[in-house]
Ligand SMILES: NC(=O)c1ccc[n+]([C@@H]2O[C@H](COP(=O)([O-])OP(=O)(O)OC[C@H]3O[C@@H](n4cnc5c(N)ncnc54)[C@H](O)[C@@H]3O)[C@@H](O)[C@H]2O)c1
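Form predicted on its own, single chain, as structure tokens, below.
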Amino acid sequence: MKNIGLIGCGNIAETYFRSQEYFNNINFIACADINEVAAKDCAANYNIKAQTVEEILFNKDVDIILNLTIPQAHYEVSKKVLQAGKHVYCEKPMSLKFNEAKELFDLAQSNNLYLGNAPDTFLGGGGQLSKEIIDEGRIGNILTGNFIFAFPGVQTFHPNPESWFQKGGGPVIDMGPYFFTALVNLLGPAKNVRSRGKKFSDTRVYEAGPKKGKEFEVEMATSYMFDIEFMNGAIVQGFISFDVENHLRNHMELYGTKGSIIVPDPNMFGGPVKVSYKLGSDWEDLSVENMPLGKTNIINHSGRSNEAPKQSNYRGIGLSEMIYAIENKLKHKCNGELALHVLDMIESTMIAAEEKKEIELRSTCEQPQAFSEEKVKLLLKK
């Protein structure tokens, strides 16, 4: 078991601490935050040590740093961790810029360190059953498809939503990692992207917290429509938005030569997966409740009509699997190569919108291999 230090004690930290209940090799011993009060509160809540960022980087008892800072700080913090000689696992995205992320990847490689990156939701029951169906050729070769993630924006519930609407934020940075990683898991690496982005308002209103009712500035596009061509020839259309009040889709549909598949919400781990094989035939629901990373374990009170009230959330499996890979000298699932390619897709989508032209990707990666239930069970608490 490796000891983990946490940098960034914000909202998502609670989810990762909960992962200790599911996985047998996650052990937090220290935390740090530029806000010392937040670090001390986190340490008190979880019975670990509060330190400064500098102290935790050079804490000899810490083997891995979990980087949960805001996206604008991911590059700087992960670089410091790698320079300190520690493995790092970072929340999504890897960085805001491809060139910065490539620097992190090269730094980790040259120092023989593991660089892991969220999201790990593609390792869940929904993503893995979808992969099995596609890999086995049950719906033939995937030709095309579409997906959507859209809601009104984090200002509806978050007291400090500004970073989502400033340079370095936006809907593609925020939610693109889930959908792009899911697509690479199912179809392999991407080739190019075309895109269109739109900022519909220069300001937003805080809807929660002490600033409720006041306005803040919006610096970038809040809706993107785009299409991605993959190396296998498939073309998938996407829509990611902070401008939609209600809809009934938070999933992905892929269309093959023998049938179609509805991949469940890539932001979560569960199902069901839906398949249909003939024109006019009923959709068949395939449950993942019996899969170890598919079973429903949370109730979602977001109130959004497009989100299921019950879902599966096993965030932390990517960190757990990386720890196992370190100990057994294996390549981990949520690896830097995959995260770098996904970031390339994200940045290229935004560049394509700005420059109004097709953008060729600068990177590629191996398509992830299936995550077998036998390997999952090695990481689960009995």
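Since we're looking at a predicted model, the values are computed, not measured. Numbering starts at 1 and runs along the sequence shown.
Here the subject shifts to the form predicted together with the named molecule, a form of this protein not shown in this document.
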{"query": "Single option in 178, 151, 75, 98 placed near the named molecule in the predicted complex, where near means a heavy atom within 4.5 Å", "finding": "178"}
{"query": "Selected contact from 92, 86, 204, 131, since only one has a non-hydrogen atom within 4.5 angstroms of the named molecule in the predicted complex", "finding": "92"}
{"query": "4.5 angstroms heavy atom contact with the named molecule in the predicted complex for residue 59", "finding": "no"}
{"query": "Residue 370: touches the named molecule in the predicted complex, heavy atom cutoff 4.5 angstroms", "finding": "no"}
{"query": "4.5 angstroms heavy atom contact with the named molecule in the predicted complex for residue 30", "finding": "no"}
{"query": "Interface membership of residue 12, the named molecule in the predicted complex, 4.5 Å heavy atom rule", "finding": "yes"}
{"query": "Interface stretch in the predicted complex with the named molecule - options 353-361, 338-346, 22-30, 65-73, non-hydrogen atom within 4.5 Å", "finding": "65-73"}
{"query": "Residues within 4.5 Å of the named molecule in the predicted complex, restricted to 36-53 and counted by heavy atom", "finding": "38, 53"}
